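Next comes just one chain, in structure tokens: the form predicted on its own.
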Amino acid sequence: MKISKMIYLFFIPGLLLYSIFFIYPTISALFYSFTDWDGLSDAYQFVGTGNYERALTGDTIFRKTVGNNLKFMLVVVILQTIVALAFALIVLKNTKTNLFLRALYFFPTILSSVSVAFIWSFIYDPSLGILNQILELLGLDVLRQNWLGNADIAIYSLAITQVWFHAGQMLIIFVAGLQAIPEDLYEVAKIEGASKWQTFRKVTWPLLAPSATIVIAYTTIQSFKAFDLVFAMTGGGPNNSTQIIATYIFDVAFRSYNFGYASSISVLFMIIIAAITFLQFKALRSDRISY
């Protein structure tokens, strides 16, 4: 069957949009990362690798943001994956109740990040927040905290909010993966006398690995791009304790007007995400093969 060359014309709109909104900005960011461009004037000077050297060796705030992002990512990835998988196992069967619960768990995902930020800022409020009030009612006054004002725990408070925000979305992916596993395998495991944990470890998890890979990779990218949530809840404070790479790029670019340096951080940002995602894929793939 001969395919007309005209069919290649259908690729042009998509390729054009991809070039305008991804390829061109990426190349521009890479180019300006070697300059001192302020983002406003036409003039700029090439500084070579100076911006990268500054970020990697001289900028303590950037190193702190990387650490904050890694803490945030680890808590979100681990907790969100566990919560989403646990709830997916609970609401797996297609009953009316479970369908309602899936919709209920998914609901936070359709809210805007700013709305979620305002809701949880009120929950965490040290004076009027419902979290501290519940702790007081339970007689756990010692656990009352300024959840977003305490530099030691603020980043973890944000991580809990992120998990609440997106766990329902990951739940749907897990439900789809679980429902694709043949029931015959569970019957065989039951006949062989396997315990629930053995069945999960030897049957469910290996066959759920592709879904888990998607969930973990997507959650990782989400945690690095949680700009709007962090910006609306804490603005990176207190004392940069919740500053992540995305919010720091904003500060450098739009508050300090150092777009050249911000571009270099953006490039490093992409490299960090790509490296972590690659390592996750490798780890999950080897884990799946070991079974």
Partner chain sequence: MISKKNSFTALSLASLLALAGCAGESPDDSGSETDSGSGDGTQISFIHWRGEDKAVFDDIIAQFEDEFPDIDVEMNIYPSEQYQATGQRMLTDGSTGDVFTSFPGAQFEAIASAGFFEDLSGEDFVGNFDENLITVGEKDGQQLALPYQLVFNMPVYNKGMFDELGLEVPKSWTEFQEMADTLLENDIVPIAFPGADIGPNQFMNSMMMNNAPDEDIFTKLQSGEESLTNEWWVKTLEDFQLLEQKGYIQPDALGTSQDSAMAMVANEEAAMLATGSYHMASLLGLNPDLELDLMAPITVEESEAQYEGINTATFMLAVNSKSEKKEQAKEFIRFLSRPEIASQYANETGQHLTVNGVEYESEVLQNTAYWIDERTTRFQPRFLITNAQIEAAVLSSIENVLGGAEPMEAAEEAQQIVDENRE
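Numbering follows the first chain given and starts at 1. Bear in mind the structure is a predicted one, so any value in this text is a computation, not a measurement.
As for the form predicted together with the partner chain, it is not shown, yet the points below apply to it.
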Looking at the partner-bound form in the predicted complex, is Gly58 within 4.5 Å of the partner chain by any heavy atom? yes
Answer yes if any heavy atom of Tyr24 is within 4.5 Å of a heavy atom of the partner chain in the predicted complex; otherwise answer no. yes
Considering non-hydrogen atoms and a 4.5 Å limit, does the partner chain approach Val252 in the predicted complex? yes
Contact between Thr49 and the partner chain in the predicted complex at 4.5 Å, heavy atoms? no
Can you pick the stretch from 190 to 198, 76 to 84, 122 to 130, 91 to 99 whose heavy atoms fall within 4.5 Å of the partner chain in the predicted complex? 122 to 130
Enumerate the residues of 149 to 172 that have a non-hydrogen atom within 4.5 Å of the partner chain in the predicted complex, in sequence order, or give none. Gly149
